[in-house]
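First comes one chain, alone, set out as structure tokens in the form predicted on its own.
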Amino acid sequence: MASNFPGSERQGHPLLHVQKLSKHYVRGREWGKSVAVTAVCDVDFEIHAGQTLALVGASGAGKSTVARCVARLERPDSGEIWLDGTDIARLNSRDLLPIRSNIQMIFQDAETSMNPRFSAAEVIEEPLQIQGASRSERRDIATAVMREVGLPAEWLKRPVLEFSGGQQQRLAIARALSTRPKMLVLDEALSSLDLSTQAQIANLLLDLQSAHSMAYLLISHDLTLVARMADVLSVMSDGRIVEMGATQQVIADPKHAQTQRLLASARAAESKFDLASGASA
């Protein structure tokens, strides 16, 4: 697996190497034939340990499909997904089980990604139970990761619904951390939070990455967040990556028209926000 991507100057092989990833869906029928829609086409990228790559693009560009394929919540139609030396693209459920601990996904809406009848302890311990950890081991890990994400260990018995939105996202992160993954896939994981809470969770994720050298695949439409968190920025359009490079370089000198449009929209939104804030001051 040759390294020809931004950031590949880091020593060693990439933790994640995605090559020629493609995914199609069937969208109804026309004239008696199924109509296939291409969601992702020939996507290539890689991420090293301790590195964050952001995928940005307009709605429907294929970002979340890539995320779900990488996390193997969906099976790609073609291509390779090398995670820590193993191609997981076509592994069956049984063969995926021991590998799932290495890659965890955090969703936009933490509440809907957890069983509302569960306590915090049950949420965190569920993946450990699937992996065969003992009851005492599960509780020890749950206590440790609760503290690591800034939640009191005494809250382990609390039902999920008694946590605020920001606390639920911390709980979702704690659940992901319980298996000590090498990589997190963050699919708009901060977009539903208010700006203050978003900043706190972003800081938490950066601290955790520094402490554990985790790789992050960050799916986001927020270029301010991307500029803060991502080492590499990849821009998607119509299922393809149209531009990729070091984040600050792409933001400072965008080459592709889609990248230029995204940056122009982000700057216009920031300008409107500043004007609104000034008017209400």
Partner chain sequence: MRAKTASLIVALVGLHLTLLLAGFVAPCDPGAQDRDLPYAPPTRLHFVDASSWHLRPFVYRWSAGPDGYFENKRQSFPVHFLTGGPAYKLLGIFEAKWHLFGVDEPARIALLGTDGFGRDEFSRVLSGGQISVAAGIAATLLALLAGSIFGIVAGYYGRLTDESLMGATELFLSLPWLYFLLGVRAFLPLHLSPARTFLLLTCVIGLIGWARPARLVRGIVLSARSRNYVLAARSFGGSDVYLMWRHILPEVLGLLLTQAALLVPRYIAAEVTLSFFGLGVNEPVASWGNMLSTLQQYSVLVSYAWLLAPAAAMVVTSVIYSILADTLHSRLEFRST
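Numbering follows the first chain given and starts at 1. Quick caveat, the model's predicted, so the values are computed rather than measured.
Not pictured, yet referred to below: the form predicted together with the partner chain.
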remark   = Picking from Asn203, Thr86, Ser78, Asn115, the single residue whose non-hydrogen atoms come within 4.5 angstroms of the partner chain in the model of the complex is Asn115
note = Contact with the partner chain in the model of the complex, heavy atom within 4.5 Å, among Leu91, Ala199, Ala153, Ile130 goes to Ile130
Partner-proximal stretch of 143-151, 97-105, 191-199, 207-215 relative to the partner chain in the model of the complex, 4.5 angstroms, heavy atom = 97-105
ask   = Is Arg68 one of the residues lying within 4.5 Å of the partner chain in the model of the complex, judged by heavy atom distances?
value = yes
Glu126: touches the partner chain in the model of the complex, heavy atom cutoff 4.5 angstroms = yes
message = Can you tell me if Arg175 lies within 4.5 angstroms of the partner chain in the model of the complex, counting non-hydrogen atoms only?
response = yes
